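As a starting point, one isolated chain is supplied in structure tokens, in the form predicted on its own.
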Amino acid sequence: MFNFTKLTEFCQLIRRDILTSTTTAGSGHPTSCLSAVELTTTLFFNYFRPEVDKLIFSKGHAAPLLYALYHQAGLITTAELMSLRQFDSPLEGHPTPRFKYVDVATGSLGQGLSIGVGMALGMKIKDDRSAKVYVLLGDSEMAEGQVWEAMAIASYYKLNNLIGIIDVNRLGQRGETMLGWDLTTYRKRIEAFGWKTSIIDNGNDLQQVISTFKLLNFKTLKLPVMLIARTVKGKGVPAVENQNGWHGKVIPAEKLELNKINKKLESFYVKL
């Protein structure tokens, strides 16, 4: 496992990758990516095993975050990262199997958890006891009925190899989501569907995220688990943090403030 200092550096580098790749592309959803950096960095570098586990970005518009994770793992090059959304590039605006580390296309919101249920059930049938399926969801897609149908099936089959993470950044495409930052209501509803839940009051506090993951102890789970994390959309760029109207918009170069990210980190790459 990586220590707190290294994970902090990864978070900074991943934010830089998200910002530079989307601004260079002139399109993308950087603010939707920035809110989930600490959650996915902790997962990716401490728990996720690419050769065994499955990682699904149900909020597929956060694809630049997914690509940044693989970049910092040393599994794709900087040139590949910077080809985001270019013609013939496998790094599309939403993840597709053209990107070699993606099994299924996502981004039609509400479908990712159902895909995860199918994968987790398949692992159970194959008796693959160690493999896990991790699904990153956005809070806007929690209004989709298919999400709750997937939850019902997951608890019925006791899919303890399925772990969901809801990035509750409060802001959707056109304003505040149905529940905003009401984590308690999310928890009550999800537990009513037979899941174990854990709330992260500040999903952008790396230490809190790490502590929550440790307490879960994925090896002893008996039910599917949902992490419910309060985050800030656009986290890391003060000019757009928690601001409506930035969904699906690139951040102009003058607002990036990349000078605040330590340039010494540029050579900090670690292979999994």
Ligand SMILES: Cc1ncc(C[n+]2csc(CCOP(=O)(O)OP(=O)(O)O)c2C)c(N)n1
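Bear in mind that the values here come from a model prediction, so they are computed numbers and not experimental data. Residue numbers here begin at 1 and follow the sequence given.
FYI, the form predicted in complex with the named molecule isn't displayed, but the following is about it.
Site annotation in the predicted complex: the residue of E80, E191, E144, E149 reaching within 4.5 Å of the named molecule with a heavy atom is E144. Checked against the named molecule in the predicted complex, the candidates G118, G93, G172, P90 yield a single residue with a heavy atom inside 4.5 Å, and that residue is G172. Residue contact with the named molecule in the predicted complex: L183 places no heavy atom within 4.5 Å of it.
Although the partner is absent here, L159 sits far enough away that none of its heavy atoms falls within 4.5 Å of the named molecule in the predicted complex.
At the 4.5 Å threshold, heavy atoms of T197 stay clear of the named molecule in the predicted complex, well away from it.
Not displayed here, the named molecule is kept clear of Q86 by more than 4.5 Å at the level of heavy atoms in the predicted complex.
Not one of R15, N204 and K235 places a heavy atom within 4.5 Å of the named molecule in the predicted complex. The partner is not drawn, yet in the predicted complex one stretch among 59-67, 216-224, 41-49, 237-245 has residues with heavy atoms inside 4.5 Å of the named molecule: 59-67. Residues of 93-111 placing a heavy atom within 4.5 Å of the named molecule in the predicted complex, in sequence order: G107, S108, L109.
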